[in-house]
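First comes one chain, alone, set out as structure tokens in the form predicted on its own.
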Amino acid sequence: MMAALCALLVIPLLLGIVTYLSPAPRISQALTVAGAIATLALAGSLLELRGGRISTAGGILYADSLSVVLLLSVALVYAASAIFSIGYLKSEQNSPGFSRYARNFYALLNLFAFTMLLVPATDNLGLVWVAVELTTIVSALMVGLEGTGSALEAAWKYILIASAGLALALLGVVLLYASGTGALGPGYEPNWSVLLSASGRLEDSTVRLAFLFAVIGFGTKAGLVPMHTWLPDAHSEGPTPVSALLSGALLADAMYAIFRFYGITVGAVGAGFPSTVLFVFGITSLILAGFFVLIQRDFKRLLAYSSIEHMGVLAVGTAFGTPLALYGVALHVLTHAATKSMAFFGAGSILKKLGTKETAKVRGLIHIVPATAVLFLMAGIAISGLPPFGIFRSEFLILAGGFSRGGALFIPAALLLALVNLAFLGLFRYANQMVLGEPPKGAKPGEASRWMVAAMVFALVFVLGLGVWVPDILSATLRGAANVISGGR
């Protein structure tokens, strides 16, 4: 198991170096796809932990059930994005400077995957913060990779806002460490497992302050409102594989840090304070995202606001705190990763084919790119939370967990149900309008790339599969992740 965890990190790191040095884009493509699929297989092998945990080097490398859920989600999006990238770059291969662009693209893609995999693969909360900061640096370079004015502006805005947020997150990390010095001494290892085992002896008021700073700081990277303002621009202007990685993997990585803080805070001060904080940020995110989804005119920005909505779902589901809701939260991390990737791949295929991101100019896709149209519509239905897709299952479990407690949780659960349906109306409306109707004049039928379609089909296997069936080995991991989020050991 430890060898698999090490290899899972080493592969994308080495690929980042090799693809930067490689002079041939086709070699970089082949290596990246092979390495990404191997990474997904290694992440899948960690399901054998079945609720256990592994650790070495004082927690520098570490994995438990919650880690495995995040590793799986990152590896899934990494593999799908690697496949999609073959078709995405193919249309640019005759343009000047393509070799240099492809070299930078694949090097950054692999390094981005490495930084995102590192976040859940360590027990050290300081190293987690460093890894999240590294994701900012690498992903900002990818957002600005196109070199357009709007892309560079989005990258610069992302760096400024995310760095400011992570400065607050660092303060949260320092305060959480300080809360344990009385019980553990001034020189203890700042590991999640150490702090969790001592959570009942941590200094209450310091833990509360640490949690608040962590939610604001890491919530900036997760796109929680009102710290979300970088997200629509970065998702809209970055290359499509980057948009998929940002939405499907990076946002969940930031939520992972909040999950860890939540469990320790519950153990230290009880569930009341952290749940209230997450309710406020979660419901606010759902309200803003739901209304902005209704008025979007750019389909990539539409999907970006949908990502904000789903981070709100994770925040509210965590605040519910029931075993069923937290099981749904863990499952939602996976279902959102697969579904949002599929949706962004469809958006990227449409953009490559028609050259526009304006929803009003995209009609009749079923007559132009039939395979992409069907898959994009399925992704729109899935991300809206309709059966039989995975997000329906995970959101249903979260809502059932909220309503099962009744009493004080009834109103937040009812709000979640209403706001999720608000976002559904916008997403389903625009997806239908784009797929159906008469195509624009002069549009030539034919898929933008078979590789792009293949990546969507690859994602669909998980989007549909997790809605129909959750294997026992994955279910055991999800139960273990729910226990970790709640502060269990």
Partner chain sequence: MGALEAVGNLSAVLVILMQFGLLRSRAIHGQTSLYAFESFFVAVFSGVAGLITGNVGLYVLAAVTVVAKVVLVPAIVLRLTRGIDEHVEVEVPLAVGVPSSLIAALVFTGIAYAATLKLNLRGVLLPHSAFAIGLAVVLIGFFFMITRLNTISQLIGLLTLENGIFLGTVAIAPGLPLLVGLLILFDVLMAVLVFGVLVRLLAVRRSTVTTSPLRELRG
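Remember, predicted model here, so these are calculated numbers, not experimental data. Positions refer to the first chain, counted from 1.
The same protein also has a form predicted together with its partner chain, omitted here; what follows describes it.
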{"item": "Whether Ile159, Leu168 and Glu203 all lie within 4.5 angstroms of its partner chain in the predicted bound form by heavy atom", "value": "yes"}
{"item": "Answer option from Ile137, Ile366, Val280, Ile287, heavy atom within 4.5 Å of its partner chain in the predicted bound form", "value": "Ile137"}
{"item": "Single option in Gly97, Pro387, Pro186, Pro226 placed near its partner chain in the predicted bound form, where near means a heavy atom within 4.5 Å", "value": "Pro186"}
{"item": "Listed range touching its partner chain, judged in the predicted bound form by heavy atoms within 4.5 Å, from 403 to 411, 290 to 298, 77 to 85, 339 to 347", "value": "290 to 298"}
{"item": "Heavy atom of Gly272 within 4.5 Å of its partner chain in the predicted bound form", "value": "no"}
{"item": "Distance check, Leu212 to its partner chain in the predicted bound form, heavy atom within 4.5 Å", "value": "no"}
{"item": "Non-hydrogen atom contact Asp123 with its partner chain in the predicted bound form at 4.5 angstroms", "value": "no"}
{"item": "4.5 Å heavy atom contact, Ser150 to its partner chain in the predicted bound form", "value": "yes"}
{"item": "Residues within stretch 102 to 135 having a non-hydrogen atom within 4.5 Å of its partner chain in the predicted bound form", "value": "Asn124, Gly126, Leu127, Trp129, Val130, Glu133, Leu134"}
